[in-house]
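This document opens with one chain alone, in structure tokens, the form predicted alone.
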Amino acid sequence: MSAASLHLAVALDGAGWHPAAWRDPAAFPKDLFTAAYWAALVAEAERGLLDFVTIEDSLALQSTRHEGPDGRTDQVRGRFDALLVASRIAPLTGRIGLVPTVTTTHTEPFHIASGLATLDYVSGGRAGWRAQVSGRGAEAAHFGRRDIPGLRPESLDDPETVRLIHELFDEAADVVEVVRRLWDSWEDDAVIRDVPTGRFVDRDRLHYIDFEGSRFSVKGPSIVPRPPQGQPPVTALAHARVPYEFAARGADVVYVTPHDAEQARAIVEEVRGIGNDVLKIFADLVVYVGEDARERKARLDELDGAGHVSDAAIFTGTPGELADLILDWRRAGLEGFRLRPAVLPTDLGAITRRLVPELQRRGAFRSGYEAATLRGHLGLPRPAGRYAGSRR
């Protein structure tokens, strides 16, 4: 395995992925709602040469309940808008990719396209997108445009729930398609800035996208010229067949949640079997890293009143043990890992200052950035615009 072939990212969420992370002695709860806090986290991730960071977001307050608020006041509640955080951080960083979460279900595709294209410009070609559906009635109630009964884990086999899942992901696929078309609606050379003739743009190189779907139609073109990357990478978290198909249809990176190497191999085979051979497959892992990892987790579990559970596998151990696990699972066909630090900044620092050097010593991770864009980090070529050469 070459050093360039392993991709590492981190998922940033509040004070960390443990519900009681904000109560850890090393946490900074007073700083959570400051730009400096997020800038410091991303700077640390860049110090570790990570491919990108994702920034979590949602259209409802955090809750232990799947539907609606839980009334708890002993866990972090409230968050910043992920896309705006990424835009604030972009000028303060130079190489690392910035991948905010933006929901497809209630957000206009035109706004998603223009916001992410702007992020790509202000970051110099380092923007990405974690596309996320919303299956919660409480989130739909913020907008008043539609009723969503809510997806509950115990009802996933119910025919009405299955229908809603397909509807949400079909809609998300349409949103991704529209966003991609809007990014291409300006040809690369549409902005000409010809002072002598007084022509700033070549109008023949801007294109209508004329999308007609079951829930919306979008005329185009975008208000933002084609992004520096052409197409900022689209990513998605997936746990089952329908979201796997969504990712294979429109994403560049999919995050999956195996709990061992055998399951990782089975998921890779299933995703590859859908037919997208260029989709990058990353495994998500919640990580407590260090010699005191188990003790820290036990202390936080006690504070929270329950053991930490997650959709992703939970790792507790030393940097060397985490490197062993990563390289073992890597042989199952995974191309990267999105690590979810249990406590920030503690476990992020352990990733950048201890795990990364360990992987470098084993010849499994790069010693410096080799590209300037997120597509470059991921080994994705810059695509040609779909409308290039066509004229109005």
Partner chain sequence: MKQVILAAHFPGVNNHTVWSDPASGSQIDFASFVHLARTAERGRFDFFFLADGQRLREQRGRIHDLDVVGRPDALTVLAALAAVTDRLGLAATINATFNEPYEIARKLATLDHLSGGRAGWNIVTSSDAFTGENFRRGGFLDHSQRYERAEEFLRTTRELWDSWVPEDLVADPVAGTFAAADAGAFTHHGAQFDIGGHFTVPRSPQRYPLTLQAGDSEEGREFAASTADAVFSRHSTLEAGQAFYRDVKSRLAGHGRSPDSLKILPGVTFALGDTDAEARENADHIRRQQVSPQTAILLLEQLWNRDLSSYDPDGPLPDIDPDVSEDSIIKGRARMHRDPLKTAAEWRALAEAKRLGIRDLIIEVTGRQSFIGSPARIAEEINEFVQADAADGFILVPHLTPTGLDGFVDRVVPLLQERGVFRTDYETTTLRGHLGLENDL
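Positions refer to the first chain, counted from 1. This structure is a prediction, so every number in the text was calculated from the model and none was measured.
The same protein has a further form, the form predicted in complex with the partner chain, not shown here; the description that follows concerns it.
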Inset, instruction - Using a 4.5 Å heavy atom cut-off, indicate which stretch of 22-30, 40-48, 341-349, 357-365 touches the partner chain in the predicted complex. - result: 22-30
Legend entry - the partner chain contact in the predicted complex: residue 163, any heavy atom under 4.5 Å: no
Inset, instruction - Evaluate residue 239 for contact with the partner chain in the predicted complex, applying a 4.5 angstroms cut-off between non-hydrogen atoms, and reply yes or no. - result: no
Legend entry - Contact test in the predicted complex: residue 171 vs the partner chain, heavy atoms, 4.5 Å: yes
Inset, instruction - Examine residue 316 and determine whether its closest non-hydrogen atom to the partner chain in the predicted complex is within 4.5 angstroms. - result: no
Legend entry - Of 249, 259, 79, 299, the one that lies within 4.5 Å of the partner chain in the predicted complex (heavy atoms): 79
Inset, instruction - Can you tell me which bits of 183-201 touch the partner chain in the predicted complex, meaning any heavy atom within 4.5 Å? - result: 186, 191, 193, 194, 195, 196, 197, 198, 199, 200, 201
